[in-house]
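The form predicted on its own is given below as one chain in C-alpha cells.
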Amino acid sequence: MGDKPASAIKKIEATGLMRKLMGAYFQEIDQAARTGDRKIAWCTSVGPAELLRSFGFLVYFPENHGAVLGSSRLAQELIPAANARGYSPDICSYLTSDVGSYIKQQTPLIQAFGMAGIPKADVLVYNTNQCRDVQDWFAFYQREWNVPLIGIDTQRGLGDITRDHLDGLIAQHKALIPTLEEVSGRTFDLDRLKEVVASSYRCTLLWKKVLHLAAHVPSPITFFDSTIHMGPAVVLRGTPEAEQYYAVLIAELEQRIADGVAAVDGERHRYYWEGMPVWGKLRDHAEMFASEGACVTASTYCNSWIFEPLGCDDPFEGMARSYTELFIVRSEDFKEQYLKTMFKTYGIDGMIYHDAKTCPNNSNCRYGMPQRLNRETGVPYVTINGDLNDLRLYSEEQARTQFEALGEQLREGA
C-alpha cells in the first residue's frame, strides 16, 4: 500500500452545510454557558437526548468532544493530565482526553467555534448502554461543579429483549423527570416529548438511508466520510436542522449514483470496519485504502445511530427500545447474526477489526468472533491494534502490514 500514491479524497459538497450547522450548535451552547439564559444538559451519545430537549435544555455530548480531541491529535497531550488525577491510562481515552482538556483548559472548540471552553452543565445525564465509564466520566464533573448526576443503567449481553427489560428501562426514564423539572423550571410535557421523538425518528430514517446508499456498487460514500457526517445524527437529533441536513446529503449521494461517481475510483474491494475509528488516522486510512481501490463501505459504529424503534406510539417505549437494541448491548450470538446480514447487504469482501485498547466494549475481536464468522461466511479478516484517541497505542507499521495482508488475501482468492 505504501508504495502507491494516495488517491485524492473526494469532497462531499454538503460538508460545508454540516460545518455551519455544527458551528451554530456549538455557538448556541457557548452563548448559554456565558450568559446562563438557557440550561445545558450533558448527555451520553446514546442517552435520552429527546427527553432533555423536551424540557428545553441545550444538549451537549462530551463523546463528540472526545472524537474532536482524537481527530485533532491533541488527545495524547491531554491524557496525562487525567492520568495524574488518578484516571488510569487503561480506561476510555475519550474520558481521559476530555478530563485532561478540562484540567488544562485546552480544546479545539475555542479556535474552531470561538467558545470560551468546555460548557458547564446544569445537569449530567448518562446511559450505561455503552459502558460504565460514562458514569464515572460524568461523576468527575459532578464533583467539580456540584450539579445533579442522574442516569439509566442498561443491562448488557442481551439476546432477546423482554417485556421486563423494557418496563424497567421505561421506569428509569420516567424517574429522571422530577430532577429535570427542578433543574429546568419546567413541567414535563408529553406532547412536546412526542414532537421531539418524532423528529429524531425522521432523522434516523434519513441517516439510515445515507448509510444504505453505500450498498450501491460502487459506493458513493465511505466509512470515513460517514464518521464525519454522522455528527448531526449524534448531536442534533430531535431538531429540524438534522432532518434538513440529511435530505441535502441524500440528494447529493443519489446524484453521485446517477452520475456513476464512486467515492473510491476503481473500487475493487469492499471492506467492513468493526469497532471504533482511529480518530487521529481517519484521513491517513481513507487515503491508504483509496490508493488500493478499496472502499471501507460499512461499519457497526456508524449504524449505531439508527434508532427505528423511536417510531413507537409511546415515546418512552421508543426510547427504551432504541437505546437497548444497540449492537454494543447485545449478546455474541446476536452480534454475529447482525454482521452476517451486513456482509450480505453491503457485498463485503473483507473485514477489519479494530481492537481498541481503551474501549473493550467496542472491540468485538476478543472472544473468538472473527474466527467464528470467518468459518461461517468465508469472509477474510484482519485485526489491528490501536485506540480511538491514544495514538501511543497505535502502530503505523502493524496496521499497514495488516491492511496489506487483507488486500493480498483477496487478490490471491480472485
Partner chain sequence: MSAFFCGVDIGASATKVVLVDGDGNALARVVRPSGVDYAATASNCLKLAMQDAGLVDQPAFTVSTGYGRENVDFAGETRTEIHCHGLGCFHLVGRAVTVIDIGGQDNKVIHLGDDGRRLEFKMNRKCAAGTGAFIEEVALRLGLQVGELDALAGAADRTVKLGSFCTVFSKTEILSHLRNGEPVEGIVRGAFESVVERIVEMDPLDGLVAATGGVVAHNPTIVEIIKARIGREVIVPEAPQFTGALGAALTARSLASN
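Positions refer to the first chain, counted from 1. Small disclaimer: the values here were computed from a predicted structure and weren't measured.
What follows is about the form predicted together with the partner chain, which we do not show.
Chemist: Using a 4.5 Å heavy atom cut-off, which stretch among 23-31, 63-71, 373-381, 346-354 contacts the partner chain in the model of the complex?
Modeler: This holds for exactly one stretch, 373-381.
Chemist: Is L17 near the partner chain? Define near as a heavy atom within 4.5 Å, in the model of the complex.
Modeler: Outside the cut-off, so no.
Chemist: Using heavy atoms and a 4.5 Å limit, would one call K10 a contact residue for the partner chain in the model of the complex?
Modeler: Taking the distances in the model of the complex, the answer for K10 is no, it never comes within 4.5 Å of the partner chain.
Chemist: Would you please decide whether N361 lies within 4.5 angstroms of the partner chain in the model of the complex, comparing each non-hydrogen atom pair?
Modeler: No, N361 stays farther than 4.5 Å from the partner chain in the model of the complex.
Chemist: Could you run down 384-410 and flag each residue that has a heavy atom within 4.5 Å of the partner chain in the model of the complex?
Modeler: Heavy-atom contacts within 4.5 Å come from N385, L393, Y394, S395, E397, Q398, R400, T401, Q402, E404, A405, L406, E408, Q409.
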